[in-house]
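One chain comes next, on its own, written as structure tokens: the form predicted alone.
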């Protein structure tokens, strides 16, 4: 049943223009950033370069792709629950012989598959340098993994927000608000005692940054997996409450 629901959501996502617009706009901007970084790096002498070409490209390309994924995930998620609540499609799905967890996982897997091409765009741009420059492939792989995990985290927040309301626009705003909170909460650390690092740990961009530097740490993996599971659990709870009403 999970596969059936996921396949249905993927087909629905592929026939709508939203995904293709996001990929097209994302690739245009990433290509411009790629050319700009390579041009600036080539203009410097070896002793003047602050970092390797791989690091410069990873920080700029994957950093922008993360911002793009942060906007894309709620937009893709809003039609999976909120739009179905509004149109009545979810009531038909809920009446099917499927458990709530199967419905939710089917939609989350579909969202993960739909957003994966967006996560691969930076690596695809870096592949253009194959044979002309030596890149640290381990760092590129770590950055790709970190971006994908961040996108899953964004998708889980998008589904949780989508489970709260029958208005897709409101779901997107709720998701953007939560993501903005998790983006800037690390700034609160500078307003408190320097020894208090909880706010910094809650900020997703702090964890992604270490992936972009090529460091794959267990604590960063745990952060994305923990919060992805947490927001999916919240979405499951809202769906269970809706079934009881």
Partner chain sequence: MKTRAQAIRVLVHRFERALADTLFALLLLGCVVAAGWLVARHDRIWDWTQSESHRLTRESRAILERLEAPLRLTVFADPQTPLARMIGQLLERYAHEYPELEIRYLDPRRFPEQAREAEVSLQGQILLEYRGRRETLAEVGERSISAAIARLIRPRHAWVAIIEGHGERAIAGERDTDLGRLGRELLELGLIARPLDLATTSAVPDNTRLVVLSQPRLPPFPGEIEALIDFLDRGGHLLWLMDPGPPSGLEPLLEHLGLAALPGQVVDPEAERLGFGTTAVAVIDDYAPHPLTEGLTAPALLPGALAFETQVAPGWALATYLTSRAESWNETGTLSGPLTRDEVIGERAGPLPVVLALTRTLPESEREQRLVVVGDGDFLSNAQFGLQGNRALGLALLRWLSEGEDLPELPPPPTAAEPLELDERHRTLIGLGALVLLPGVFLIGGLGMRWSRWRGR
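In this text, all values refer to a predicted model and were calculated from it rather than measured experimentally. Residue numbers count along the first chain shown, from 1.
What comes next is about the form predicted in complex with the partner chain, which does not appear here.
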property	result
Residue contact check: residue 178 to the partner chain in the predicted bound form, 4.5 Å heavy atom	no
is_contact(residue 63, the partner chain) in the predicted bound form, heavy atom dist at most 4.5 Å	no
Touches the partner chain in the predicted bound form: residue 184 (any heavy atom, 4.5 Å)	no
Touches the partner chain in the predicted bound form: residue 59 (any heavy atom, 4.5 Å)	no
Answer range among 103-111, 76-84, 116-124, 167-175 for contact with the partner chain, defined in the predicted bound form as heavy atoms within 4.5 Å	116-124
Members of 217-243 lying within 4.5 angstroms of the partner chain, judged by heavy atom, in the predicted bound form	217, 218, 219, 221, 222, 226, 227, 230, 233, 234, 237, 241
